[in-house]
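The chain below stands alone and is given in structure tokens; this is the form predicted alone.
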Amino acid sequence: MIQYILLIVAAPATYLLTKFMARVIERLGYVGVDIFKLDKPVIPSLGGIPILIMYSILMYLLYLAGFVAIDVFAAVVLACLIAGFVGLLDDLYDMPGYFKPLACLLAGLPIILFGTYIPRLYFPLGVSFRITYIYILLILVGVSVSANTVNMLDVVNGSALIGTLVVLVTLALSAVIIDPSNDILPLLALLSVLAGFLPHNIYPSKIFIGNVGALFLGAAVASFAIIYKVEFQAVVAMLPFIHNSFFFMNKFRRFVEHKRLNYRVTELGSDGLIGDAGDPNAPVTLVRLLVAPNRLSELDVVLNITLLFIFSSILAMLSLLWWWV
């Protein structure tokens, strides 16, 4: 009963902490321009900080109460904190492009050091492969790739957060279906925290999650996918994230943020609608793909991205129909 009370209280606590910290962050001058609004409002950034704080506190309380094992607590929280700290450094000091992918490799170390993984990849139709040493490398690379992939889709209000929420719900359901004995309390804890933060970040955003938040979310997704052995379902559910980053990688051969692009990918018209900027050399991002046929409002773009994540997550869940075959 106590664990459920903590989960319920965490959402409004996160909401209030975010509201307070948004004012503090704005006064400190850490803000960003909401480019897809005609009046170009200035919005507080670094919204990932209250998420990090609340999730760490909630997980610690659950650990103290005996509901989360020490190895899972340490592995998940440390992985998320490392990724979040990498993002915070980039938010504060605008680090070079190679910094985040390389530094986020460190976020996979807690999972390895605390042994919260099984070195076997599972696929539908009962196919699995034991890859003891390669899997360790995949943990490091997978956490970094997941973190940076989520970060690259943080382009319109709530896109990265909503996408992550849909993916996390999919992972929770998949973990329970695959093994009903799975303790998904750490994942539910994050969902509760994000539910409290969501009202501040959905359209129209009152605070941006920043690199600190986006990298944290991506590392969390990868950590849960590894711990609960739902890597395949995670990859399928994350297809919108993957599509967006794939065309970036195909164009630039590295992870690139929108603020570092030398191309105009999309443009905001005088009518407040987002359209394709028409630059043939610009990468085919997910947002550009959505607005190419017809110009859309930012809210419509967010809704379309959400539908894509729901569709991908349904595909991920359908893969579980073969679990008993």
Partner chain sequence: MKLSRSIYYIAFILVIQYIFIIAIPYMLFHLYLSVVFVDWSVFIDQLIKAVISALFVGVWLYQWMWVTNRLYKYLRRGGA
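Positions refer to the first chain, counted from 1. Because the structure is predicted, anything quoted here is derived from the model rather than measured.
There is another form of this protein, the form predicted in complex with its partner chain, and it is not shown here; the text below is about that form.
Contact check for Ile35: every heavy atom lies farther than 4.5 Å from its partner chain in the predicted bound form. Of the heavy atoms in Val24, none are within 4.5 Å of its partner chain in the predicted bound form. In the predicted bound form, its partner chain lies farther than 4.5 Å from every heavy atom of Leu81. Within this chain, Asp276 lines the site of its partner chain in the predicted bound form, having a heavy atom no more than 4.5 Å away. In summary, among the residues Ile118, Met95, Ile242, Ala172, the only one with a non-hydrogen atom within 4.5 Å of its partner chain in the predicted bound form is Ile242. Taking Phe232, Tyr135, Phe99, Tyr203 one by one, only a single residue has any non-hydrogen atom within 4.5 Å of its partner chain in the predicted bound form, and it is Phe232. Judged against its partner chain in the predicted bound form with a 4.5 angstroms heavy atom cut-off, the residues Leu46, Phe85 and Ser270 are out of contact without exception. Stretch 286-294 is the contacting one of 56-64, 38-46, 25-33, 286-294, since its residues have non-hydrogen atoms within 4.5 Å of its partner chain in the predicted bound form.
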